[in-house]
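Below you'll find only one chain, the form predicted on its own, shown as structure tokens.
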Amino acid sequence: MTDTAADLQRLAASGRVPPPEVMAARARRWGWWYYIEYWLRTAKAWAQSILIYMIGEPLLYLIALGVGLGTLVDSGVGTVDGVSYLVFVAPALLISTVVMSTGGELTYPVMAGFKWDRLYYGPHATPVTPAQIGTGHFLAVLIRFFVQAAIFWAIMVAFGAVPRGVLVSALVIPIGVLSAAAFGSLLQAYASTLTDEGYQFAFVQRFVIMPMFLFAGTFFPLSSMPIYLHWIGWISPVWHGTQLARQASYGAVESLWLTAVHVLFLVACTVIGVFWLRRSYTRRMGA
């Protein structure tokens, strides 16, 4: 028996079941939250594998790139941006891994919701609106990214990669979630416009997500790259999030106006993406 069925039985036995019109009004008001609850209950089936991924990925990255490659870099060129390579690359790896996870959560699952499994159409048969379904899916995934960023940050602390201290460096968690929201909302909106998967997601993975990972200042400062590649960082949520995370984790120096640009860019992308996905879900499923 599922938790939902047990909850319904307890609610019916209590004699406190609201009238249908009251329950419908609640669904219209809180439909996005109902979808989050549904998504989180469904995700429990993969919780163990997701947790292993969340722990294993930062461990491998920090050992291989921060410690392994870092030993070579530190012995060859000394510090990078005034700190050891492990300290330099750790916040960037947090941002890039969380942003890259949007490729798995907001592409094929969106297509499955509309076409393959049609998971969106069950909630749509209730007073929950398409815009609430899209928003609920987006927010539920952000909760998963919050946990992922928190675990990555805890491992950074264990590796001694946060010179500014535990409290200040914890800001990398909301920065990571905001970076993922900036790219993920646009990606979900784009996925919701597709009626078939003709390698579009593979194209996004290879020609959008992977270049962001490689050329957005993750492994070396953006200023050290050829000038004709700088634009990849400027339009990438990974670079803007990475620069903010480096300020939080080891106090990277940047001008105040540029810090404001990073925040505004990420917030603007998120707002545009959420607006686009809500319109797209409504247009595709009807009001």
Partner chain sequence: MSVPDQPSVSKRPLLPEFPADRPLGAIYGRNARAVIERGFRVIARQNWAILVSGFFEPVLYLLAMGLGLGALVGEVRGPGGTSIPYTAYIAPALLATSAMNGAIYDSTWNVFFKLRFAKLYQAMLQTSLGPMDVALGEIFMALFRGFLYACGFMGVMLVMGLVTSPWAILMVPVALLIAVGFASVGMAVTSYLKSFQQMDVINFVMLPMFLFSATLYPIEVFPEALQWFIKAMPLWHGVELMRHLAVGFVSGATLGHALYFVVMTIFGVWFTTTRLRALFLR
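Quick caveat, the model's predicted, so the values are computed rather than measured. Positions refer to the first chain, counted from 1.
One more form of this protein, predicted in complex with the partner chain, exists but is not displayed; see below.
Annotated contact segment (heavy atom within 4.5 Å of the partner chain in the model of the complex): 62-70, selected among 242-250, 28-36, 257-265, 62-70. Although the partner is absent here, Arg118 lies well away from the partner chain in the model of the complex, with no heavy atom inside 4.5 Å. In the model of the complex, the partner chain sits within 4.5 Å of a heavy atom of Val80.
Taking non-hydrogen atoms only, Pro163 never approaches the partner chain to within 4.5 angstroms in the model of the complex. In the model of the complex, no heavy atom of Ile227 sits within 4.5 Å of the partner chain.
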